[in-house]
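A single chain comes next, written as structure tokens; it is the form predicted on its own.
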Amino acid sequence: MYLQQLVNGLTLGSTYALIALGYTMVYGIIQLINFAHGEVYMIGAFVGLIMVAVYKVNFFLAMLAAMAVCVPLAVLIERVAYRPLRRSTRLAPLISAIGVSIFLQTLVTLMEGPNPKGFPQVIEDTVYVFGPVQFSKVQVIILVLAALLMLLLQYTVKYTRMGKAMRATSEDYETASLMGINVNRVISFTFALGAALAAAGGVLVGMYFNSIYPLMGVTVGLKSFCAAVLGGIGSIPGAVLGGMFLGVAEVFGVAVGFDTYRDAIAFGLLILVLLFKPTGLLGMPIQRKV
């Protein structure tokens, strides 16, 4: 039983991790939280639904289409809601992002209606049995695709020219600009990268739960933000660890009878971890010169 719940928890946690990576990357670059990120995830799920249900494309093409729509959307959000307020107080871009979040929720609700939409079964429901553990084909695809996307992100950040620029901008925004790095381009790329991962997560969640709705980004977005903080906000490995940890804890909590408190588990865990390690599981303490 416990091994099976672990598999289920890792599957759920991998989707949280994909979304949490967007939060942690944006914070690592500009030290701000993009609270419209959950709505990017939601729109990715709806684009995937339209591609599968209306245009009858396969799942992988639907996921690529969702990424293709969400990337320019995230760049537009950064350009409209963040860039003009970048040198304002921290509260101004936060309120702006919340406004964008409400606008996108309302827009999709008006277009698609408030009721949940069924996501067609696009993958054959095959079950693989390994001793006491069962893997559905959908779970295998989610785990493999999430792992590949995370590895691709790690390669991009560590070994590409843009990744080096991201790390330099994260270290010191102003110095990176003085050294010739196009900081605006780096920030837009970071938003785009996070949006691509969130869109993939939205389609994976739709395929896994067979249901999506316009407000799905609110709770999942908050949980993924909790995962990013839990792992250490600004740390890419921390976001992955936090997402997995949160998914496993949530599934085990439901399995032992706390299904009523399913959504509260994430926030309770966050409080508990931060009481003992304020920087998160993999976060590093910030050193400031006085």
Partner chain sequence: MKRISAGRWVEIALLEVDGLNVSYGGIKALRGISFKVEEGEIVALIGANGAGKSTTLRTLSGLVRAHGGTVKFNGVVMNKVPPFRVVEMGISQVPEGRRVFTRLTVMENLEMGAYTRKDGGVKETVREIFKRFPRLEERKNQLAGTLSGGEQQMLAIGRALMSRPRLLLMDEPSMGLAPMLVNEIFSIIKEINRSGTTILLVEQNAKMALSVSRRLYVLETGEIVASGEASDLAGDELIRKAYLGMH
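Residue numbers count along the first chain shown, from 1. Not measured: the values here are computed from a predicted model.
Heads up, the form predicted together with the partner chain isn't pictured, but that's what we're talking about next.
With the partner removed from view, the residue among 127, 178, 148, 111 that has a non-hydrogen atom within 4.5 Å of the partner chain in the predicted bound form turns out to be 178. Only one of 164, 137, 86, 79 lies close to the partner chain in the predicted bound form, with a heavy atom inside 4.5 Å, and it is 164.
Contact annotation for residue 154: none of its heavy atoms lies within 4.5 Å of the partner chain in the predicted bound form. The partner chain is not drawn, but in the predicted bound form it has no heavy atom within 4.5 Å of residue 90. Put simply, residue 210 is far from the partner chain in the predicted bound form: not one heavy atom of it is within 4.5 Å. Taking the partner from the other structure, the partner chain in the predicted bound form has no heavy atom within 4.5 Å of any heavy atom of residue 219.
The stretch that touches the partner chain in the predicted bound form, counting heavy atoms within 4.5 Å, is 170-178, out of 67-75, 170-178, 129-137, 103-111.
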